[in-house]
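Starting off, we have a lone chain in the form predicted alone, written out as structure tokens.
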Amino acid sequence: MTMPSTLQRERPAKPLLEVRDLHVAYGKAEVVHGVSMDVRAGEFVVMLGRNGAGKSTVLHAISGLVAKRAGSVHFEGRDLSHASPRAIVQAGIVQVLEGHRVFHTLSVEDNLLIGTYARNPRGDRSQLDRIYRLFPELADRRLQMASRLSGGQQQILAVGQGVIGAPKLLVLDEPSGGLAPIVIDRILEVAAELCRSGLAILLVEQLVEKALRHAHYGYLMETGRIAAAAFSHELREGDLLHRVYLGGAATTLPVTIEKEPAG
């Protein structure tokens, strides 16, 4: 069994994704208050926190699905703070939304091809074989209507739809929702395999232990703010998670956003 890189002691120097002082509001109610975070190339980063902490809202703001009140999002040094969702996908950020969102009246293969349209409006079949190697359960059902898949198979299809677009950063929002443990493990193991091949992963997940088992680095959110940032083994070994999930103060670990060396 390949061990996750939870024994990492330092992160790659240059961020792929840089989020700085992000604020998001729904109407007059601000729900994200000055979030700053990084994801590095080839890194598996997880965002943890109780329901309502603002995790999914941060993801939606990164992907351009909700408006930002303030703050910036840079990807590979490019300012995407005001870019459209389509432009963000074309830049290399693909989000798999929560809730098995696939097109039920289309076949598995047609669902996968939709994931290539942002880069090629006619579709790109060249990546299908790679997706079927990653997800053999989809290969066996390529001509089947998505509506006939189980919930777990639909979630795997949604992940495949995100991966086939050849992103540089794959954003996964609660992929475990309502699924059997064996399916959750399958999705996280494939995400870790993709990460080892160079794809960056940003995951929001409620299953803390499973997420930290695969992640390199983690951010812990509490009431719309980053309460702490640390390597996954530090989060697993400390008492900070218990403090936040049980309602205590999050004071154990500092928030640290690394900067590039000067010069």
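Position 1 is the first residue in the sequence shown; the rest follow in order. As the structure is a computational prediction, the values presented were derived from the model and not from experiment.
Another form, the form predicted together with a small molecule, is not on view; read the next lines as being about it.
Note on contacts: among E109, D124, D185, E174, the single residue with a heavy atom within 4.5 Å of the small molecule in the predicted complex is E174. When contacts are judged by a 4.5 Å heavy atom cut-off, E76 does not count as touching the small molecule in the predicted complex. Mapping the unseen interface onto this chain, T57 counts among the residues with a heavy atom inside 4.5 Å of the small molecule in the predicted complex. The small molecule is not drawn, but in the predicted complex it has no heavy atom within 4.5 Å of E137.
Though the partner is left out of this view, V31 does reach within 4.5 Å of the small molecule in the predicted complex, counting heavy atoms only.
Only one of 47 to 55, 210 to 218, 34 to 42, 195 to 203 lies within 4.5 Å of the small molecule in the predicted complex by heavy atoms, and it is 47 to 55.
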